[in-house]
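The data below hold one chain only, encoded as structure tokens and taken in the form predicted on its own.
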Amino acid sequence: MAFLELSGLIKRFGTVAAVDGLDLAVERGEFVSLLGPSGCGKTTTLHMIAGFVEPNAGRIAVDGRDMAAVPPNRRNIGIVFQSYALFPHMTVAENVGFGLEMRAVAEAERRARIADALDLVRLGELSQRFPRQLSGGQQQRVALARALVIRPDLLLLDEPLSNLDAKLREEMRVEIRLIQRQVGITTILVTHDQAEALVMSDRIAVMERGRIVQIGRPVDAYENPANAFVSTFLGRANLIRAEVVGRQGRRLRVSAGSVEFEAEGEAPDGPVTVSIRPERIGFVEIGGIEARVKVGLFMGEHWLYRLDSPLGELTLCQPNTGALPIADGQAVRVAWSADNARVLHG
């Protein structure tokens, strides 16, 4: 039995099904991200787990206990919100200890647990400051300490990094992951940021229109997307419409216009979509297919090229080695291995 189980979860708002028959099993100590665009149902799912939203149908169980009749304040769940929701008139220590005070924890134990939680997030020396005296990253860590100090069974993170700048967001992804591993708490993250999900998760549940369309380890979801939606939402992808013209096991021969190439996957003869990640396409001197550079975009650690080709527009990602970029309008040849061309389902 999984530690957290969502079974046939449905939530409708009027005639709209925000969550539509969702099933999810999360093991104890696992970090799972619900990833998807706005309106896919990920936040509604999180709020149902927390008890803020009542499902129309389905079951939520934590450690085998049905949560249906359990009010939010009795679920022993820690939550970190997008806005942090710190009390501005309270010090850091008072904010962290608020949940303990509501639970009537004795003062001596409360002080010890506050100190431990602040040490965990490396804010012990700032315990007497007020939220207005803290940076965004520090406020986020206070909110995390407040969620963990009550020793919850489950930690819910509702887009907790969206208010931070890019550099701090990158740092906090790693920090939260390290803290989660240290504490060993079962964690659900809601995010629309695929980089967050890839870096922080044991597994990613990609959601579309109220359903989970793929769940798996980050590397598996990225390398073997279930369909075109996952392929393009979880990173960049070149989607090529093609026809299966031959096969040998999982190695398919496909034709796209005047170009034939091999791809990996399973599909009947007929139209298919092939996904190729931009970083898996390379410039070559001979072979491959002819293309022309439409534009080259400098991205810091890499160059992103858009190419006109017989397959349509292709995006190619090349590491920044310090070499001169390829000029716009230049004729080039590009190639990829069959292992990196994936035939998609749906």
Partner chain sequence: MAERSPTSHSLTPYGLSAPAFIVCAVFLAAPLIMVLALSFNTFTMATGIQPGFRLDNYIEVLTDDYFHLIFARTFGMALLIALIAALIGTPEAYILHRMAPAWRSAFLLVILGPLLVSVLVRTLGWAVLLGRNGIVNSALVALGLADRPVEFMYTMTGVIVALVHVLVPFHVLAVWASLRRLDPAVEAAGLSLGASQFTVLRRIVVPQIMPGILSGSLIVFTLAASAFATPSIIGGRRLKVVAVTAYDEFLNSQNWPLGAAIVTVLLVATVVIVLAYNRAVERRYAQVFQ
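This structure is a prediction, so every number in the text was calculated from the model and none was measured. Residue numbers count along the first chain shown, from 1.
Although not depicted, the form predicted together with its partner chain is the subject of the following passage.
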Checked R236, R103, R251, R209 for heavy atoms within 4.5 Å of its partner chain in the predicted complex; positive is R103
Answer key, its partner chain contact in the predicted complex at 4.5 Å (heavy atoms) among Y222, F261, F98, F229: the residue is F98
Would you check, heavy atoms only and a 4.5 Å threshold, whether G270 touches its partner chain in the predicted complex? no
I150: touches its partner chain in the predicted complex, heavy atom cutoff 4.5 angstroms: yes
Exercise: R146 in contact with its partner chain in the predicted complex, heavy atom 4.5 Å: yes
Are any of the heavy atoms in L118 no more than 4.5 Å from a heavy atom of its partner chain in the predicted complex? no
Heavy atoms within 4.5 Å of its partner chain in the predicted complex: which of the stretches 24-32, 290-298, 65-73, 277-285 has them? 65-73
Within 4.5 Å of its partner chain in the predicted complex, which residues of 76-113 have a heavy atom? Give them in sequence order, or say none. I77, I79, F81, S83, A85, L86, F87, P88, H89, M90, F98, G99, E101, M102, R103
